[in-house]
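First comes one chain, alone, set out as structure tokens in the form predicted alone.
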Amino acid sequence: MAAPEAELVLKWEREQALLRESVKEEDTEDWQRSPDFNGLERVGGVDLSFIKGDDINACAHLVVLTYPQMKVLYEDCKMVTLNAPYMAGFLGFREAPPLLQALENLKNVQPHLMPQVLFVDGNGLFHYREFGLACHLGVLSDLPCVGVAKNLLHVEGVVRSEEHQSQINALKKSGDSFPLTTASGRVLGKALRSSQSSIKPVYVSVGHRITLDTAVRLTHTCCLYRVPEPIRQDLRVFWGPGEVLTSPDICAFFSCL
């Protein structure tokens, strides 16, 4: 690793460690303690999608849905230029700024639509240093955050092994889950069968101001399909009858205007 990169890694590691101290792994809101999430009315989702072959320009997307109806209240998609380099394990330093800006824009123009909880397409505590993108966004926005990843990150002995696959096979119905337990014995997340129609789980972890059990339960209630609606709505829009565009397609379209 070149000297400037090594220095940047050390700097980011120190900053992550400091921010990690602010993560709250507890339910801080009354609605989180309710069996039916009474009082929860708005759920948000954020995502950053890239144009194929371009790792600098991206589309920052924020959506806010009603709960439990999952109807779109607010949507914002803007092209952004990322200044920080990509380094594995430090996604927050690269992707958090434009997503935080999207939240700030919403707060300025329609504060009554601010989400009460934010779903992040990525990991929270289930991370090499227990501080993934969902934690980064949660601490800096001070919003309850849930990390939901579509693919398994290999963390401290949690790997895609035969044992892991057998645990997935044991998820027989929607809502079934199993803990992601590291070699040290710490549970950093859960694999959740979020939909009866999908045998592939999603990987849920705490971002900020929510417990893991509440995060898993909330994620399940927000899933009409495999991916929770606040994230799924970030990843796709309908362009004409029966035609679907994904976020990278949207970005490519906007970049040509």
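Quick note: we count residues from 1 along the sequence shown, nothing fancier. Here the structure is a predicted model, which is why all the values come from computation and not from measurement.
Here the subject shifts to the form predicted in complex with the DNA, a form of this protein not shown in this document.
- Not displayed here, the DNA is approached by F50 to within 4.5 Å at the level of heavy atoms in the model of the complex.
- The DNA in the model of the complex is not approached by A183, whose heavy atoms all lie more than 4.5 angstroms from it.
- Although the partner is absent here, K78 is not a contact residue: none of its heavy atoms lies within 4.5 angstroms of the DNA in the model of the complex.
- Although the partner is absent from this view, G175 stays clear of the DNA in the model of the complex, with no non-hydrogen atom inside 4.5 angstroms.
- Note on contacts: among L73, L103, I168, L152, the single residue with a heavy atom within 4.5 Å of the DNA in the model of the complex is L152.
- Judged by heavy atoms within 4.5 Å of the DNA in the model of the complex, the contact stretch among the candidates 108-116, 138-146, 122-130, 183-191 is 122-130.
- With contact defined as any non-hydrogen atom lying within 4.5 angstroms of the DNA in the model of the complex, R160 is the only contacting residue in 160-177.
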